[in-house]
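Next up is one chain by itself, shown in structure tokens, the form predicted alone.
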């Protein structure tokens, strides 16, 4: 290797080659570490706000006059649902694309950095009016509640930042395919492509809502807004966003976890079919969040219920695939008996334990989603605390715990450090505390929701109403669970930054599992992304063109803006 380079361009090339030899491109690692840092800072702040909510909702804490419950609720939702999830997803997938596609192109790095700073500007613009109590509209920001226009301009910057990252990913993938004609995209980058396609598709809906409807309305350029159109556009985004974070977690289940346990990954063909199915069918489930809304015909609701339930099929495929991988790996390692082979699983390894618990959590979380997608059952739980409990199971356990497990190998990989035995044990304890806290809190939310407690309301006894008073014991458990979650969140954030800056230096593997020996070659039609995107657009059009046209043609008078806080 040359040691003296006279030209700056050659020096840059040499640096990149050296980085690749050492296992991680340091320029690319800096991008991912920046995204992950923002993600876990958002987790810490959002978790603190969540604890304040839980204590207030249990009647144990009265918030000061300058910080009301709905400010806290709005910031909590935005920081965890939007900032934590999105920034982790982008940082994680870009680390994997750099690893599997031979390093990022310079123009792609520039795009991702631009996207990063656009998101930071957007978050600042969103947070300022929330702190000033001018945007307590919650993370769904439903009209006719209207925030300060700065809030919506901030959301636009966040969406632009996401788009920059997504299109950077598309350019990176297109470049790899151009140089590797006839080859299959590496499975990790295949997942990344699917997630980025969904991110663009989902955020397109909310961008139309915010730019063309809400901003002119909030600025007073138009007097009223079509509430049904706005709600529908939001949930085309909101429903898909949750499933995007789920698909991100699933990528680790299929690709990373088998390597961690010393096994091979599931069928390459079926894995790619799962990604394709989720991309095509995901956006169309948005109406099941509006299943009790007026103005939507029963036939349209039925169609969307079917489309929502269809997403369950790739999820069932995933459940079978994961436990098949576990059993096969354990039996190769000497596991015996109908269930005795579970003893061979590395339960003391946080990189396995956290995502495994996340997988288990998706069983009740998915069942709850089916209940909410069924018209009759949803009548019982809609807008109750049940919904909040369900959301915390899906995002707070299935997604967040997978992200936590990922962080224990991804952060040291990016930082050229190692996970020590002590930090691994610390992670296991963190995982156990988070699990107990989330089960306690979510269980209390589900139960009190079935008893009639509404969501999105601060503590009230409703004039000492007997039914409302009967909720109090369950709300105490909500507060206990929230406290445990806050402890675990602090521990998790500490672990991440310890692994990033203070852990012993060394080389950490990016654990991508290989397919079984002798597996049949995956047909190349799985790589026809143009076809899958066209099918996605057709399915989305089937789902949304008729109802949106009806909402516009037969529009109600519309609503002026309201400030309800």
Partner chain sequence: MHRSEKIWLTLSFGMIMVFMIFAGYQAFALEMGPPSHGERIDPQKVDQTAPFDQPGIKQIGENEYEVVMTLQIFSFTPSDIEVPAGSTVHFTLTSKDVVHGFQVAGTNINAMVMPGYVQKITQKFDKAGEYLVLCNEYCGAGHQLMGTTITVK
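Positions refer to the first chain, counted from 1. Predicted, not measured: the structure shown is a model, and the values here were computed from it.
The same protein has a further form, the form predicted in complex with the partner chain, not shown here; the description that follows concerns it.
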Task: 234, 406 and 510 all contacting the partner chain in the model of the complex, non-hydrogen atom within 4.5 Å - done: no
- [ ] May I ask you to choose, among 220, 473, 106, 294, the residue with a heavy atom within 4.5 Å of the partner chain in the model of the complex?
- [x] 294
Task: in the model of the complex, the one of 309, 204, 436, 428 near the partner chain [non-hydrogen atom within 4.5 angstroms] - done: 309
Open item on the list: Even though the partner isn't displayed, in the model of the complex is residue 468 close enough to the partner chain, meaning a heavy atom within 4.5 Å?
Closed with: yes
Task: 4.5 Å heavy atom contact, residue 169 and the partner chain in the model of the complex - done: no
Open item on the list: Contact with the partner chain in the model of the complex for residue 216, defined as at least one heavy atom pair within 4.5 Å: yes or no?
Closed with: no
Task: Any non-hydrogen atom of residue 190 within 4.5 angstroms of the partner chain in the model of the complex - done: no
Open item on the list: To test your reading of this chain, name the stretch in 147 to 155, 436 to 444, 388 to 396, 226 to 234 whose heavy atoms come within 4.5 Å of the partner chain in the model of the complex.
Closed with: 226 to 234
Task: Those residues of 300 to 333 which, in the model of the complex, come within 4.5 Å of the partner chain by heavy atom - done: 301, 302, 305, 306, 309, 312, 313, 316, 317, 319, 320
